[in-house]
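Consider the single chain below, provided in structure tokens and representing the form predicted alone.
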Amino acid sequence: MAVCIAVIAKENYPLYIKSTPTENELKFHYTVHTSLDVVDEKISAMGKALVDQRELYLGLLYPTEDYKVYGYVTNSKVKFVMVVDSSNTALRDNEIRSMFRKLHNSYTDVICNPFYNPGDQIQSRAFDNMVTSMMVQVC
């Protein structure tokens, strides 16, 4: 199950972070923050190699004992980080990809709102409901 979903701005500050067990919230903030180094490393490696630029999914960033951290980056360099419980072995790579696509589509809806200022914290109720449904759905 997804235990934490984060949207990180181009300048590496959080636009949105939601975690399921709230008692470990600081731990998930730290996990997301440390994964940004791996995201930057993968982005720079993709830039040097002649890889398909339309591939936005970064895959598994790193595993820990309890969690696996996955990454996704948009064309505008906004990063999505998802922390998944390691005990969920039924979750496959293509399911993670579809979750990121769904998250990207919902993020696009937030950005297209004329009352949203790019770079501000995401406070959309629709976006929050979609993230919550994704976290519950995977369980």
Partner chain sequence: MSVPDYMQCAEDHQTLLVVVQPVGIVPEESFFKIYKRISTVSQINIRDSQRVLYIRYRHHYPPENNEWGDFQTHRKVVGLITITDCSSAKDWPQTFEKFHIQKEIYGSTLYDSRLFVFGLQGDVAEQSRTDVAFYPSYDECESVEKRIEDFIESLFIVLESKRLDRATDKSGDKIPLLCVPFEKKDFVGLDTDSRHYKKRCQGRMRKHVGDLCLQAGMLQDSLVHYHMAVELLRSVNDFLWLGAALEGLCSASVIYHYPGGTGGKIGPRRAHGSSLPAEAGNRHRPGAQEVLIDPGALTSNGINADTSTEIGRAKNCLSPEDIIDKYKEAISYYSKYKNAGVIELEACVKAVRVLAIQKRSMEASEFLQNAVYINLRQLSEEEKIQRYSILSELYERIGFHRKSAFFKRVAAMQCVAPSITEPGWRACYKLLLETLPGYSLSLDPKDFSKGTHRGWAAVQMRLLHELVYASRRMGNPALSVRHLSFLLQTMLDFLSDQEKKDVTQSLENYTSKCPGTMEFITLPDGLKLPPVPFTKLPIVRSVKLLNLPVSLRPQKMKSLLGQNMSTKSPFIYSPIIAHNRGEERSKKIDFQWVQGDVCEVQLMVYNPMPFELRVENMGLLTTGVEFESLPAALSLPAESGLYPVTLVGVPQSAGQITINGYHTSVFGVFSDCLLDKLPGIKTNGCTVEVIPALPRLQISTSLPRSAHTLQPSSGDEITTNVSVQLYNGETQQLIIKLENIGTEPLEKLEVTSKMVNTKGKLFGDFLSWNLEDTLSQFPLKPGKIATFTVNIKVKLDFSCQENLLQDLNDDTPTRVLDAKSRFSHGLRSPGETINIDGSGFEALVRYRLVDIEVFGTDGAIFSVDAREEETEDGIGI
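Computed from a predicted structure; not experimentally measured. Numbering follows the first chain given and starts at 1.
The same protein has a further form, the form predicted in complex with its partner chain, not shown here; the description that follows concerns it.
Its partner chain in the model of the complex is not approached by I5, whose heavy atoms all lie more than 4.5 angstroms from it.
In the model of the complex, P63 approaches its partner chain with a heavy atom inside 4.5 Å. Looking at D40, you'd find a heavy atom of it within 4.5 angstroms of its partner chain in the model of the complex. Its partner chain is not drawn, but in the model of the complex it has no heavy atom within 4.5 Å of V110. Residues with any non-hydrogen atom within 4.5 angstroms of its partner chain in the model of the complex fall in just one of 89-97, 102-110, 23-31, 70-78: 23-31.
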